[in-house]
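In what follows, one protein chain appears twice in different forms, each by itself as structure tokens: structure 1 and structure 2.
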Structure 1
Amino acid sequence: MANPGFTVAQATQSAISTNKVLKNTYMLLAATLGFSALTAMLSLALAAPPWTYMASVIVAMLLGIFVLPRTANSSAGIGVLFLITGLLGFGLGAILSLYLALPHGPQTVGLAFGGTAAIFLGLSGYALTSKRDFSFMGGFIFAGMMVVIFAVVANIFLQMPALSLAISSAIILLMSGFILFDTSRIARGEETNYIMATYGIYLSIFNIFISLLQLLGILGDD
């Protein structure tokens, strides 16, 4: 016969460890977002040229593919994560300086920032309070990501504004799906590595911000 006391203790232990991953993820996310803001301000102050953005994203992607997964189970992973988010922030600063130079640029940047915060908080709150399992979206989200990556590669060379708009819209939807998917996985104890969890959510927020900025920039008065 199963020992009910042992089962309750096991469930409590599992809930505590899930809450710990969630708490650590959000603390690390806040720290990395703050660090990105600092490096973005540094990039703005140094008036980094626009190509800095692409260079930073390339290095950050390589670090995310090859280095982070190998260090995510050690304290070195935190350093790598800060390096990646710092680089992405520095690249973002170069893009922000272009937008801020437009007549309604500060308004566009402010709206994109506020919009991203509202989308992230709304979706995370929904995933946490509904306690639903959104992992069924995994296949759909990864398929969508692959299609979008194909389109991005094509548009690097084609430079079609309509395709840019379509890509930005698709990225906002996909990253919103990723926030639901990642948050529900953390809340249900399926993701136990808070460094990888932070990296996933950070990338979703970063991509939503960049895509929203692009959409508002193209469709705005400027």
Structure 2
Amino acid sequence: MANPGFTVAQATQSAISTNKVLKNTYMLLAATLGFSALTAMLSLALAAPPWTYMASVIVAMLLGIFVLPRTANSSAGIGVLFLITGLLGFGLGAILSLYLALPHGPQTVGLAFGGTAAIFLGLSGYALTSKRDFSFMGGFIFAGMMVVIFAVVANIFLQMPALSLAISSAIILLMSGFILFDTSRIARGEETNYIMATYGIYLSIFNIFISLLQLLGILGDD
């Protein structure tokens, strides 16, 4: 016979654990975003060359694939995550310097920042309040990423502005899906590692911001 008291205690413990992961994730996300902003400002101050962006992304990607998963269950994982986000912020600074030098650069950067914040807060808030299961989106997101990667490689040779516009728009949609997917997993107690949860959401925010910059730059003739 089931023990109602044990079931209630188990459910309460699960809810406490989920709330802890959620709280730690958003605290760490805020800290890493702030650190990225600092390294981006440092990059702007040093006038980092454009190639810095690609170099930073490649190193950050390697750390995210090979190092972070091995350290995510220890305090060392936090240090690795700050290293990754710091590198991405530093690379972003090199891109921002190019946009800020354009005629409508400051407005473009401001709109991209505001748009990214609105997308993240809106989608994250919806996923948390609705508590819907967005796991069904996993297959669609994966298929979409494969199509986008193919399109990016193709556009290296084609250099078509219309295709660049489509790619940026697709990335924004896919990363928005990732935010719903990842936030839902945390809210439902399916993601228990706040370091990896932070990493996933951070990458979605970073890619939305970059894609919005490109999209607004194309639409603004910059």
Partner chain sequence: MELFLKIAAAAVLVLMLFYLWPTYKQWQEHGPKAQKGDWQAAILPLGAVVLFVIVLIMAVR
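What we label the rigid core is the largest C-alpha set whose atoms superpose within 1.5 Å from one form to the other. Structure 1 provides the reference sequence; residues are numbered from 1 along it. All values reported here derive from a predicted model rather than from experimental measurement.
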Please let me know, 1 or 2, which structure is the form predicted on its own? 2
Quick check on A151: with the core superposed, does its CA move 2 angstroms or more between the two structures? yes
